[in-house]
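This text opens with one protein chain seen in two forms, each one given by itself as structure tokens under the names structure 1 and structure 2.
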Structure 1
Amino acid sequence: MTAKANRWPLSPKLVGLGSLVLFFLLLEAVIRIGLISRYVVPPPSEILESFYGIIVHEHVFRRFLLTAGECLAAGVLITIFGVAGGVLLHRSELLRRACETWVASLAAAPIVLAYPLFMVLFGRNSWTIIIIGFIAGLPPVMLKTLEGIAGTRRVLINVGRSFNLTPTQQFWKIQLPAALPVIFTGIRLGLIFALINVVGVEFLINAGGLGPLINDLAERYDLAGTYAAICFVILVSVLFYMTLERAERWLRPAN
């Protein structure tokens, strides 16, 4: 099985692309015959045609770059502070017992509803959007970092002790590398939360990016254009996912 996968490295991508094309063809047929109303979901062919309009008239690439930049800023913040926070919770048993439940509760809190408060603090600009995305994406990174470090196999810790490694050396050479897969899972979840909140706050406060474009197209009842703009939001998510995947491969070359 592995030899066949190595012989045809593009097969999974081609199967995925083919499945996506087949899905859109079936969706087009279902809408054309009236099983799904075109006033709810426009045919994929109309969505494809609307790309030209939003690219030429709506400056979608500029909006795309703004939303991607806000997500990148939020992602950098959640990675730095989330991993550091998870390490701190692991190092301090008292702090972990005091704060772990609150951090988990924050993951379920509708932070986006507090946007008026953040607008008072930071103004109606990108900083409000970035900070809300950062707070929304922070808990999963912290919790997954804590889970990954705490889940380091005891045999690896014992091997480090047999080489007389200091606690700092144990962390950098054993615990952190062993926790990387779980940490990257947390970063992926954090970026998903951040992207949802970034686009949602853009939608609410009408401050640049793809969110206001989706709102504007929906108010004009341009359904095809609305779905086309949503495709650019999905593209942001895909780009970040692919970047994280490459970063994980770079940090874990043996895998």
Structure 2
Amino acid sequence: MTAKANRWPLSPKLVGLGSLVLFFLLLEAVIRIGLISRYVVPPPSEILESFYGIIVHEHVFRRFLLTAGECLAAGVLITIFGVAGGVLLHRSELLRRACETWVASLAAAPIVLAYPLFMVLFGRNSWTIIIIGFIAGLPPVMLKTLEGIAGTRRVLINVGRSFNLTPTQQFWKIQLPAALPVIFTGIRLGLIFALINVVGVEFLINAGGLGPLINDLAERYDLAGTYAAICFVILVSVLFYMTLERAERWLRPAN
């Protein structure tokens, strides 16, 4: 395998990036020749140009802050209720046995489809968006908190015992710190789910920050602008994941 990889004079990363650039150049050429209508796919150069328009005229920064704020609100709720829920499930064996599979199936349920329902309950505003993000991100945090606390190494618990810690001290000094890396993995997953749902619902109900931007531009039939807005949202989400990944690696240097 490695021998094969070494035959290539360029690093794979460079080839990946290069072929991406090549793809866009080819697309540009094909559109300019007229093989693909520019009213279906605008040339990449035009999309690049409309980035400027989006940033200057569409208050993209304010929109970004709004979406980020909604994500943050959902994230705070997820962290508080998710960790508390996980701890609760860990403390009560009975509750865990009754509800763990429910929480797991909640993670797989297409909750976001019920967005009209949330619109009825909370109105067409940021609350609907935050609540859906919260519900979407809750299960991973609960399950990972449970997994982290339950997986505390025996040695650490015994250390606590030998110091005669009370159960409360045992929890705050030993179990919670030991579980933190796993809990953070849960929070990271929860935040990703929250972001997906927040932006998706913003787009669907046409309220909030970045989601409606795509709607507005598409409705104005500003094709290049629509594509640029989509690229912008993707860029924001990719940056978001990368930051979270960095943060996680920083939190658990062992891995």
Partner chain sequence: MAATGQLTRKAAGVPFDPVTMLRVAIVAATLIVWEALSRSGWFYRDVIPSLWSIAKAVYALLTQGTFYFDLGVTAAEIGAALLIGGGLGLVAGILLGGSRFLSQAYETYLYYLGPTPKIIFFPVMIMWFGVGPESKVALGALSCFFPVALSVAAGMRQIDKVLIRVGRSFRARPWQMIVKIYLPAMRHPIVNGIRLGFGVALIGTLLAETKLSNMGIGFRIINAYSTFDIPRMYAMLIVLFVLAIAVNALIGRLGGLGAVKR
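Whichever C-alpha set is largest while still superposing within 1.5 Å between the two forms counts as the rigid core. When a residue number appears, read it as a position in the sequence of structure 1, where counting begins at 1. Fair warning: this is a prediction, and the values are worked out from it, not measured in the lab.
The form predicted alone is structure 1, not structure 2. Positional change of residue 229 between structure 1 and structure 2 reaches 2 Å or more at the C-alpha, relative to the superposed core. When two forms of a protein are overlaid on their rigid core, residues whose CA moves 2 Å or more are considered shifted, and residue 31 is one of them between structure 1 and structure 2. The Cα shift for residue 41 between structure 1 and structure 2, taken after rigid core superposition, is 2 angstroms or larger. Core superposition places the C-alpha of residue 20 9.8 Å apart between structure 1 and structure 2. Relative to the superposed core, residue 243 has its Cα moved 6.7 Å between structure 1 and structure 2.
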